[in-house]
Ligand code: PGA
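Just one chain follows, in the form predicted alone, and it is written as structure tokens.
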Amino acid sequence: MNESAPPGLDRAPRATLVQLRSFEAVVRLGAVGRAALALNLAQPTVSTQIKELAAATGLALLQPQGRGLVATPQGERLAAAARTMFAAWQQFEDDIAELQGLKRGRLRLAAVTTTEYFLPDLLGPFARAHPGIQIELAVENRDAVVARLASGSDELAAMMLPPEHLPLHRWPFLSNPLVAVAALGHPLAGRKRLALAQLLDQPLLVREAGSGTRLALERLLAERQLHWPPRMALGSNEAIKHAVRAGLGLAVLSRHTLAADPARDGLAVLPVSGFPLRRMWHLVWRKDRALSLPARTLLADLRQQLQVRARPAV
């Protein structure tokens, strides 16, 4: 019996999923290099996939903007179609995982870089209890994590400052005190009390634009109408700690990034009035998308784990 194929299936796609994955990453991250890093691929490989995709579709998909790339109108349509395809495939995987319980499946998370100091310890019990669940953790700065949430790349994300423009559930799960630090031998390190204004003539070291810690400091300075322009921006917390220890300036960092005794890092926490800044780490997920069984189970496990930690010792 000859039956016609469902609409669309009579035309073979001219693009591969691998090409579309690379293209979507370039559109989302704005550069071939950043996409290659996120996908764990060589940059020439991503460039080749983009060229092959453009040739297969016969469309101009990307155009330069500043130092990066943006999608053309046709490219935006293709990126949206790719995200729809990926979402359908993810839903298929989630449905299969539901049928199989927690024996197999995948859990996609994104987290800002500072969470690398504590998040693996929190994920450990879940990973050991469910060895069949593949955990994919993308560690990026805040702007990149927000972009991943917007595109639906991940089910859960850990961050300090959730965006307001996305429909998100927010669970503040862990304290994130921000402290001002200096080198151990710095003249301010021996003071018993300091006002924030007393730091403003010191060089300020910050994370790159898009960092949540930097954004929190910028908001505080704006609220207090203080001007403390950065002298240097660095790409990681460890780089900032090294630079502060070398006497290049002061910094505001999450207390999670420091040793229990900051002197072991060659650093001193400055007694600045109003510090530590009391902030919270949040786990967030989209209101408009159902969580998979692995994601729901992880949330329940984390709630129980943190409740146990919070109980007073007997």
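For clarity, every value in this text was computed on a predicted model and none was experimentally measured. In case it trips you up, residue 1 is the first one in the sequence shown, and so on.
One more form of this protein, predicted in complex with the ligand, exists but is not displayed; see below.
K.L.:
Which of Ser151, Gln90, Thr113, Gln202 has a heavy atom within 4.5 Å of the ligand in the model of the complex?
P.N.:
So the residue touching the ligand in the model of the complex, by this definition, is Thr113.
K.L.:
Would you kindly say which of Leu196, Leu221, Met160, Leu123 lies with a heavy atom within 4.5 Å of the ligand in the model of the complex?
P.N.:
Spelling it out, the residue with a heavy atom inside the cut-off is Met160.
K.L.:
Going by a heavy atom distance of 4.5 Å, is Gly212 a contact of the ligand in the model of the complex?
P.N.:
Within the cut-off, so yes.
K.L.:
Please identify, from 186 to 194, 212 to 220, 127 to 135, 68 to 76, the stretch that has a heavy atom within 4.5 Å of the ligand in the model of the complex.
P.N.:
Among the candidates, contact is made by 212 to 220.
K.L.:
Though the partner is not shown here, which residues of 278 to 297 have a heavy atom within 4.5 Å of the ligand in the model of the complex?
P.N.:
Going through 278 to 297 in order - heavy atoms within 4.5 Å of the ligand in the model of the complex - there is one hit, Trp281.
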